[in-house]
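Just the one chain here, the form predicted alone, laid out as structure tokens.
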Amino acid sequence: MELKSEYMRTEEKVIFALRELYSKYGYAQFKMSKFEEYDLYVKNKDFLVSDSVITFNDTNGRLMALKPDVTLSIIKNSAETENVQKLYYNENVYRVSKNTHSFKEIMQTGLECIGSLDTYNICEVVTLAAKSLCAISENFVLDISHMGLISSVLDGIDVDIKKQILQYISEKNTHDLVALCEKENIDSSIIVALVNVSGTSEEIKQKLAAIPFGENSKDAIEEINTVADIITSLPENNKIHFDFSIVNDMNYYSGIVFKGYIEGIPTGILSGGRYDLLMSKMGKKTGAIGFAVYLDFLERFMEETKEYDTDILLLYNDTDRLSEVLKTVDTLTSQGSRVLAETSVPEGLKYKTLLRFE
């Protein structure tokens, strides 16, 4: 029997909608084990959202971990091929929830595009990121940046200083950024100019052209301009912006990066980008781009936007003929309504119609 969408929880609707979206674009579902060797996460702890990992000893003594991330498992288990592999996943991960601050089993969904990537692959993933946000809420923004451009601007700067500059860039803290650069005798003009650049795909080319980047920025700017031209034709174009304060770890990400936001949630619920450096670090000689949708961030949003828990609340007494109560519930559900039968109104329940059995 097909489950009607109105009977699903909001989270379930999102998962089904995203699964259908990714399948339409030729992405195959990737299934994996619930755990990996702990060493995989130790070597790539900076890539993880949280470095808190649940561990246990296998029967052979190996230290294992319940997976806190899906991307690392996909890279580890993916075969090296000249073809582009398009994969999506709906998997439970085990990490500390930002809502409860305790370990939680969280459903994570997303996709990965691995192989000899071209510009179309990059634009397709960005498009699917925008469409993923739209499947959750029409009120969304997808911010795009480019780690290759940021890296070229910071080329030659000490690693520790570069890390602090990246922090100030992500905060758009130009005051402390300029102060740090003056202290370290670094010309901050282009860095500050880049931080202050933002706009739609139609605006960004002209704004970047006004900044005197060096020759080592040429390839990154060309890719940004090409992606911007393609994005301009998308229906979601007005909700896709370029913002170079969006940064990811430079040890892993080398190209386009992006974050997605929806109205009502103060933090990003989608994050991704091109992570060729991570592939190289894990011994894979190919490119990769992907993103994850963090469904745990949606919990509060889902609770606030849910209009009703049930269509009909049917109240009955212990003295009523229960066979007739059950028959009434069956009749109402056959007419397409969600029905909850109770002897009293549950605390906090949102219902559309209240009926009393007679």
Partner chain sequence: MDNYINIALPKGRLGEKVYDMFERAGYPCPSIKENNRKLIFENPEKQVRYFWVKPSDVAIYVERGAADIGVAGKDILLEYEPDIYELLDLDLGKCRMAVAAKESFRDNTDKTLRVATKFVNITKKYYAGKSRDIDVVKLNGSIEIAPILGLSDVIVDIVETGTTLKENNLKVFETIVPISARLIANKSSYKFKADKITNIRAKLSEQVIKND
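Please read these numbers as outputs of a predicted model, since none were measured by experiment. Numbering follows the first chain given and starts at 1.
There is another form of the same protein, the form predicted together with the partner chain; it is not shown, and what comes next is about it.
Visitor: Quick one: which of 206 to 214, 111 to 119, 223 to 231, 163 to 171 gets within 4.5 Å of the partner chain in the predicted bound form, going by heavy atoms?
Guide: Within 4.5 Å of the partner lies stretch 163 to 171.
Visitor: Would you kindly say which of A135, A193, I265, L277 lies with a heavy atom within 4.5 Å of the partner chain in the predicted bound form?
Guide: None of the other options qualify; the answer is I265.
Visitor: Would you kindly say which of N139, T81, T200, N77 lies with a heavy atom within 4.5 Å of the partner chain in the predicted bound form?
Guide: Contact with the partner chain in the predicted bound form is made by N139 alone.
Visitor: Would Y261 count as a contact of the partner chain in the predicted bound form, using a 4.5 angstroms cut-off between non-hydrogen atoms?
Guide: Judged by the heavy-atom cut-off of 4.5 Å, Y261 is in contact with the partner chain in the predicted bound form.
Visitor: Is there a non-hydrogen atom of E236 within 4.5 angstroms of a non-hydrogen atom of the partner chain in the predicted bound form?
Guide: No, E236 is distant from the partner.
Visitor: If you check in the predicted bound form, is Q85 within 4.5 Å of the partner chain, heavy atoms only?
Guide: Contact with the partner chain, no.
Visitor: Can you tell me if S188 lies within 4.5 angstroms of the partner chain in the predicted bound form, counting non-hydrogen atoms only?
Guide: The answer is no: S188 has no heavy atom within 4.5 Å of the partner chain.
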